[in-house]
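Let's start with one chain on its own, the form predicted alone, as structure tokens.
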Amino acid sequence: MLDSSFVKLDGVAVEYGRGATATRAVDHVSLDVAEGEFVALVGPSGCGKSTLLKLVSGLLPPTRGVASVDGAAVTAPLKIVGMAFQSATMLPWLRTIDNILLPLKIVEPHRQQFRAEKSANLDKAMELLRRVGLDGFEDRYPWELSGGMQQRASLCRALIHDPRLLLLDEPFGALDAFTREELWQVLQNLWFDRKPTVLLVTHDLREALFLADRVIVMSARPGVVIHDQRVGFKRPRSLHDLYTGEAGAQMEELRSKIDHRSLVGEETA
């Protein structure tokens, strides 16, 4: 039988440090994600969620086991990945449009073609800005944008090179509740348009239920997968869906699997 997984973790473990002082971040983690699927990772702080993103992207090798993407073992940083983090990490000396175009200037094969395709690249960046509600702000510098606007720009930058795999590490964790909910809808629309495979790390269970096809719950360190829950809501989703009886039942099921003594910021992250 053919393996249809696009992202596959097979018994991976990761240790930081060596010898008696080594810390095992994750242990015996196996996970399969289909192409185009949106998967959220939740669990106690320090359980290795971000470590799994580093494994999948090729930024960190496993101590044991194999991480593979599109049927090939990951042995180096992947070019098909887009990433966004809790901090937008915009370069302050570049305009918003230039920050968004940055991956096309540094990632092959886009780098070699950037000058020849500059007009098309600018059009693509402007369309992304329009999609996230930032048209008219392309010439602003990061310090002229609010936190929510910077995160919108960060999503554009992560998507500008049409990545097949999008890795999101608490991208909305530092924002207020109203801005987070607005950006959930922005991200949902962007995912519908492009259908990349997405791995989202979050401490917000409402965020996970709104955005994901599946929610993976990890244990306290060393992190292992303890629960894999499919989200039953039809797409597209609205914020109203989070206040239904079905959402309440799914939320309680997720909560029951998480060690609340170790979970930090579940309500506020």
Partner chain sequence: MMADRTRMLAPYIFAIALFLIWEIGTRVFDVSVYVLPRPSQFFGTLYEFWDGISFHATQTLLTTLVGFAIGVSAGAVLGAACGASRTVYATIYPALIGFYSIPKVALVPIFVIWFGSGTAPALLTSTVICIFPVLVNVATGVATTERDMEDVLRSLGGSRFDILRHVSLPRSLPYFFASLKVAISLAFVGTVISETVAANRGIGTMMVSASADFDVPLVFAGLVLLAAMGICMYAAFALVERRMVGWAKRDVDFTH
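Residue numbers count along the first chain shown, from 1. Model, not experiment: these values are computed from the prediction.
The next section is about a form of this same protein that is not shown, the form predicted together with its partner chain.
Heavy atoms within 4.5 Å of its partner chain in the predicted complex are found in exactly one of 89-97, 180-188, 193-201, 125-133, that being 89-97. For the chain shown alone, residue 103 is a contact residue for its partner chain in the predicted complex, at least one non-hydrogen atom being within 4.5 angstroms. Proximity of residue 175 to its partner chain in the predicted complex: non-hydrogen atoms within 4.5 Å are absent; the residue sits far from the partner.
Proximity of residue 147 to its partner chain in the predicted complex falls outside the 4.5 Å heavy atom cutoff.
Contact check for residue 79: a heavy atom falls within 4.5 Å of its partner chain in the predicted complex.
When its partner chain is considered in the predicted complex, only one residue from 59, 66, 239, 34 comes within 4.5 Å through any heavy atom, namely 59. Site residues 42, 206 and 233 are none of them in contact with its partner chain in the predicted complex, judged by any heavy atom within 4.5 Å.
Contacts between 141-167 and its partner chain, taken as any heavy atom within 4.5 Å in the predicted complex, involve 143, 157, 161.
The pair residue 54 and residue 86 is tighter in the predicted complex: their Cα-Cα distance falls by no less than 3 Å compared with this form.
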